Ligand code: UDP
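So this first bit is one chain, no partners, the form predicted on its own, shown in structure tokens.
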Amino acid sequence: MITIITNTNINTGTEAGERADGRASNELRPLKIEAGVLKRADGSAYLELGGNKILVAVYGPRELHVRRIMQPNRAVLRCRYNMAPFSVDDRKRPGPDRRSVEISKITSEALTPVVFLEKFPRSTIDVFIEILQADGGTRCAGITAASVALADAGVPMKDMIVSCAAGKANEKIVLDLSEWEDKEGEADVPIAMMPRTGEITLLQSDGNLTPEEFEKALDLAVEGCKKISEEQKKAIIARYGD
């Protein structure tokens, strides 16, 4: 089991200590990525980002027996995002809710463009994302970890999808919002992208931003994705070598 830990500060000229947790506006929370943490899964990954603790297991490609969703010329990528009852301060009711169903859907849509699904007709690739501890930004962290787990499973992909968010808190555009900033801030812009080409596979915006603020948040999120992408690669290389 290999652990990669970083505390990444993207240098854009801001000073440290601007936020409640001491980070600069352009700084990621401490990041830890491990690949291959589960023996019984085809691929797996564990990720910590700040207080987030996320475990992902991938099974497949394997035969799909549900005929109503089977595709004769490609595989189906199914994602299940789930928050454990103990992942938040107030105990969460077990089982899927509207939010987890929505995030499961957008996660599948964010990952699908990079996977060569046409190589596995009438098959399924199942991705299980378990949020063990939530600290803001779990959808982005889950997508990032899922991509590492897919690579660990040997699923052929064009690139590893990486995801990060920027937003507005205390009237400032900041990178990688904490739980407090996510809940109390003015806006949130999560994205997912292919680092090699810059193609964005997920873009959401929640809150009010001026066009200039949106552009700044998007640029900051892209730079955050590039930094996280390097740690994804390090985790895979550390497990399998060059």
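Residue numbers run from 1 along the displayed sequence. Because the structure is a prediction, the values reported are computed rather than measured.
Unshown form predicted in complex with the ligand; subsequent notes refer to it.
**Q** Hey, of 114 to 122, 152 to 160, 67 to 75, 137 to 145, which bit sits against the ligand in the predicted complex at 4.5 Å between non-hydrogen atoms?
**A** Careful reading of the contacts points to 137 to 145.
**Q** With the partner left out of view, is Leu132 within 4.5 angstroms of the ligand in the predicted complex by any non-hydrogen atom?
**A** Contact check for Leu132: no, nothing within 4.5 Å of the ligand in the predicted complex.
**Q** Would you please decide whether Asp182 lies within 4.5 angstroms of the ligand in the predicted complex, comparing each non-hydrogen atom pair?
**A** Yes, contact at 4.5 Å.
**Q** May I ask you to state whether Asp188 is within 4.5 Å of the ligand in the predicted complex, using heavy atom distances?
**A** It does: once the ligand is placed as it appears in the predicted complex, Asp188 has a heavy atom within 4.5 Å of it.
**Q** Residue-level contact is defined here as any heavy atom of the residue lying within 4.5 Å of the ligand in the predicted complex; does Ala169 satisfy this criterion?
**A** No, no contact at 4.5 Å.
**Q** In the predicted complex, which residues of 82 to 100 put a heavy atom within 4.5 Å of the ligand?
**A** If the 4.5 Å heavy-atom criterion is applied to the ligand in the predicted complex, 82 to 100 yields Met83, Val88, Lys92, Arg99.
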